[in-house]
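Shown here is one chain on its own, the form predicted alone, set out as structure tokens.
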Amino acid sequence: MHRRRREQVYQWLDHESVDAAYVTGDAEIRYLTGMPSDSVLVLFRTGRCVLLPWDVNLASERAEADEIIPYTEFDRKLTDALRAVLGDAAGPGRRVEIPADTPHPSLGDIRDAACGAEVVCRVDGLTGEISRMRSIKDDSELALLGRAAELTNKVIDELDEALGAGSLESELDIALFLERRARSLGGEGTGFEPIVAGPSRSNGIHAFPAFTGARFARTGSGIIDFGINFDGYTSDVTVTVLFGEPSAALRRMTDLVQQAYDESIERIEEGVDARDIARRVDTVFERAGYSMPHGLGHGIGLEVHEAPWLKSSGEAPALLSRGMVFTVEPGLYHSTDGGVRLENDVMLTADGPTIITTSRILRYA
């Protein structure tokens, strides 16, 4: 699996006449080798890779690479590692690509390590190519995301039961419940820091801090945004909780979010421009006098936010393709009325869109 993915990278390097490149992002390295964290991966046009992990024991257990060299052998200094590893890929007439987010002060030392090779740093280079690769999930990735969704659905049901019984009193109680259940069910934990915002804080898109010790009040709307990580792949859902009899304004917001969500799901199919779906949601809200202050959705996988991006802006078409897994999450927020967001994960297959999570508006008297 990892070799097959790397083969696509080698072909890209050859097409771009790049002799060697390295990546440092955890998600990129896990995608290409299985190593979950804290490494550098050097890839060669000739079809070879060298993994430089900090934890060599973990790499020996989890990673698949042609050569594994402890990063500590180079005192965890990237330039020393590059001098030792690049070999014939360095020197005059060669091209070495570095990540687009490389700090400018590092560039001089990296050029020295490349020994006269042309150092290529571009926004849409190898990191962009890997992002495009990761936006289309293979069968193994779809299975892992499906399993993450199964665990998430179980936790949503348990959360519903606990909230209804009143056994989770504070934002902290809910956040710890989510983390404990994610790990108890066999996940690596929550996919990101859960956002648990009671009615006094639900008007934020992403409340800060993500959760507090405050009571999750029993009036108004609360937002619970979380995911479960299974073998590196995370879900991402948002549950809105309504307590008591909502105000007329909150009922209106809830109805509009549900309408926008339903219309979005109806429009998802292969080849559709995601911008058109997002613009339809903008229209639904604007006609009612509201606006949504964030995009409609985003891809999920080894990262909670990755391609594709479902948003109304952008000059180039954003065509949905089979194998993509992404969120749909319309939301509205008001400084006094509170916030409402409904978010589920969608897998686009040959049979059309499949909603793999079961998030919904939870209502309690």
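Predicted, not measured: the structure shown is a model, and the values here were computed from it. Residue indices: 1-based, along the sequence shown.
This next part talks about the form predicted together with a further copy of the same chain, which is not shown.
A.B. asks: Please pick out the stretch from 261-269, 246-254, 172-180, 145-153 that is in contact with a further copy of the same chain in the model of the complex, where contact means heavy atoms within 4.5 Å.
C.D. replies: Partner-contacting stretch among the options: 172-180.
A.B. asks: Heavy atom within 4.5 Å of a further copy of the same chain in the model of the complex: which of 219, 238, 203, 131 fits that? Just give me the one.
C.D. replies: Contact with a further copy of the same chain in the model of the complex is made by 203 alone.
A.B. asks: Only one of 87, 209, 116, 164 has a non-hydrogen atom within 4.5 angstroms of a further copy of the same chain in the model of the complex; which is it?
C.D. replies: By the 4.5 Å criterion, the partner-contacting residue is 209.
A.B. asks: Please determine whether residue 276 contacts a further copy of the same chain in the model of the complex, using a 4.5 Å cut-off between heavy atoms.
C.D. replies: Answer no; every heavy atom of residue 276 is more than 4.5 Å from a further copy of the same chain in the model of the complex.
A.B. asks: Can you check whether residue 287 is within 4.5 Å of a further copy of the same chain in the model of the complex, heavy atom basis?
C.D. replies: No - in the model of the complex, heavy atoms of residue 287 and a further copy of the same chain never come within 4.5 Å of each other.
A.B. asks: With the partner left out of view, is residue 138 within 4.5 angstroms of a further copy of the same chain in the model of the complex by any non-hydrogen atom?
C.D. replies: Looking in the model of the complex, residue contacts with a further copy of the same chain do not include residue 138, since no heavy atom lies within 4.5 Å.
A.B. asks: Do residue 37 and a further copy of the same chain share at least one heavy atom pair within 4.5 Å in the model of the complex?
C.D. replies: So residue 37 counts as contacting a further copy of the same chain.
A.B. asks: Does the trio 3, 65 and 112 actually contact a further copy of the same chain in the model of the complex, every residue with a heavy atom within 4.5 Å?
C.D. replies: No residue of the spot touches a further copy of the same chain in the model of the complex.
A.B. asks: Going through 93-128, which residues have a heavy atom within 4.5 Å of a further copy of the same chain in the model of the complex? Please give them in sequence order.
C.D. replies: Result: 100, 101, 102, 103, 104, 105, 107, 121, 122, 123.
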